[in-house]
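Structure 1 and structure 2 below are two forms of the same protein chain, each written out on its own as structure tokens.
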Structure 1
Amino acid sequence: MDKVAFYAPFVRGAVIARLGRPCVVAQAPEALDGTVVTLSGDEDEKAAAAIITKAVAETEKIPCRVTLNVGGRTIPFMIGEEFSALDWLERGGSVYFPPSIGLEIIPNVRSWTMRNRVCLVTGGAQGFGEEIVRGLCEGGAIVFIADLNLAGAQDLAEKLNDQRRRSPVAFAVEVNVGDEASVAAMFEKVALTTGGLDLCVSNAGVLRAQPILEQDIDTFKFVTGINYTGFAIVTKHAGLLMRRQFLGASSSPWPTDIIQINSKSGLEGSNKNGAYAGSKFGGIGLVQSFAKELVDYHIKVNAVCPGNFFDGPLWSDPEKGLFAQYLRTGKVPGAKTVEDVKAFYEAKVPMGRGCEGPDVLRSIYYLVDQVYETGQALPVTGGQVMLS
């Protein structure tokens, strides 16, 4: 791992503990006056964190500049709230502490919950993922848009950053969540860019609806590999980054969150859709297990279980969408058209509509804001599925 990516979370954790709020920690283009920390470069995580935390805690001025001297190599960092966007970008930097902005598209959410947090959303270039990315940015967060569709992620990031003019808040990163090397590289980029991470939304997923008697088992493995194993891979590497940040915070740790976007199919079986439902059931088992394990590092792990997002590509794509798949497989008796299938599923929801982006965003805000909940699977189903 790159030395900067290894040490940056310790610095960010120590600075957050001192400031009492999230911030960006980015490598400075040149050495500057400020807190200097000397390390040999051979320390393990706990030892490195202890040295950095002590130095930052003892500095008289709340640090805006921290320089590490690691075995003779100088690694300078700057804390995002010291510099203006224009000055920083002109000096070759890539990150800015975003300004306070409103929550126009998410009424009634807590206005300070996401302010200046660093977030990452897998599968963030389209569908629910795009809705989540947009909502987090509107809440004042810095968001990494992680997707196998890099062009789509870049396009979305460009649009969001254009809206912020000189204050970039979105960064595209390519990832295949089923490939551990790809996921590890993604989180290394996060550490190099912002110093650490506050929220990881594991949203990437796939669905191939078929009866088990007809489904090719390689297809079954593909679905579970992305939805179940992919979530485990993302959690592992997000957790490693968050743990280093936690160790840097020492006695004043900043709580962090991993949230899986699960499904109502993770709460009840799904006819002729066993691979998907099974992977989502398994995901909740992972959420509960990871929550117990990672709580020692103040990492909360929860799941959001949305109902059907009828207007997104997962359902509405004319070729690959669920409405088209269910029509082809005869999952809805008597359905002759895609519209018949959609009407059938809308009638199942007591609220009379499908789940929408703001519904999921409110649940994410709640889980982040609620510091006493971990290991939960929160239904957002319009009353279609209720916990018992």
Structure 2
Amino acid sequence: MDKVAFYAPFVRGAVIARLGRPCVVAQAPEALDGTVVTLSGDEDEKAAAAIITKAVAETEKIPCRVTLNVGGRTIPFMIGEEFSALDWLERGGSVYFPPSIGLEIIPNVRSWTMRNRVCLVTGGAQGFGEEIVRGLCEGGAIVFIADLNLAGAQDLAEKLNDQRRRSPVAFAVEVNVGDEASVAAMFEKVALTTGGLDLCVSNAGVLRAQPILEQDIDTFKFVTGINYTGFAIVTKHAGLLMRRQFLGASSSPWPTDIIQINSKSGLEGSNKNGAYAGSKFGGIGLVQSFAKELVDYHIKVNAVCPGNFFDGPLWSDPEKGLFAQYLRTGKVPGAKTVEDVKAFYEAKVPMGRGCEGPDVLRSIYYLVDQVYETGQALPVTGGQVMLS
């Protein structure tokens, strides 16, 4: 692993312990004056973290510069509460005044929860992922939009960065969550850009609804490979990064979060959709198990189980969407239009409508805010699925 990416989370953890708030740690273009920390490079993670934490605790003020000297190699970092502080440091500034950003209050969500938190959303280019990315940015977070569709992620990042006076708030990163090397490279990029991570939303998912008697087993394995194994791969590499940050912050109880976007089909079987429902049920087993394992590093692991997102592309795409498909195949008896099919599915929900972006976003804000819960699967289904 890249040495800079390896050490950056220790530094970020140490600064968080000092500030009690999230921050940005970025590699400096060249060695700058400031605190120097000497390491041999042979220390284990715990010992390296202890040395860095002690040195950062003694720095005069934040923003600042910290240079690691690892076995003779110099690794300079700039540290600030936001990217604009880093620009200022790079220009050699000495007294920093944070830009006055009008706090945008989002209706019905906790307005300060996400401020300056570093978040990553897999499958963030469209659908629920895009809604989550937009909502986190609105809340003041720095968000990595991680997607197989790099062009879509870049397009969204550009739009979000254009809307801001301070920059940047969104970064596009290409990933295939089913491929471990790709996921490891993604988290290295995160460590190199922001020094660490506070929230990982494992949202990328695929659906191939078919009866098991007709389903090609390669298609079954494809769904499981992304929804189930992909979540495990993302958790492994997010967890490795978050653990280093935790070790740096060990004097402060700074919790981090991994949240899987699961489904109501993870709580209740889905007819002719076994590959998907099975992968989501399995996801909850992983959430519970990973939660028990990662609690030692203050990493909470929870799932959100949304109901159907009728306005998202999966359902509403005029060609490939499920409403159009179900109309063509006559799945809903008597339905003559897409609207008839939609009304049929809405009627299954006690609250009479599909799940929307803000519904999922509220549950994410809740799970991050709630520091006394882990290993849970939170239904967001308008009453369609109830826990027993």
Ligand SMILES: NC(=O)c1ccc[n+]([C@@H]2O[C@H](COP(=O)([O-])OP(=O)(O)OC[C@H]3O[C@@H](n4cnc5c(N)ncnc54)[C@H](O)[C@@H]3O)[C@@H](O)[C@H]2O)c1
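Take the two forms, find the largest set of C-alpha atoms that superpose within 1.5 Å, and that set is the rigid core. Residue 1 is the first residue of structure 1, and the numbers go on in sequence order from there. These numbers were taken from a predicted model, which means no experiment stands behind them.
Undergrad: Is structure 1 or structure 2 the form predicted alone?
TA: Number 1 is right.
Undergrad: Is the shift of residue 330 between the two structures large enough to count as movement, that is, does its C-alpha move by 2 Å or more after the core is superposed?
TA: Comparing forms between the two structures, the residue 330 CA shifts at least 2 Å.
Undergrad: 2 Å or more on the CA of residue 318 between the two structures, with the rigid core superposed, yes or no?
TA: Yes, the C-alpha position differs by at least 2 Å between the two structures.
Undergrad: Rigid core fitted, is the C-alpha displacement of residue 340 between the two structures 2 Å or more?
TA: Comparing the forms between the two structures, which are aligned on their rigid core, residue 340 does shift its C-alpha by 2 Å or more.
Undergrad: Quote the shift of the Cα of residue 59 between the two structures to one decimal place in Å, the two forms being superposed on the rigid core.
TA: Spelling it out: core superposed, C-alpha of residue 59 shifted, distance 3.5 Å.
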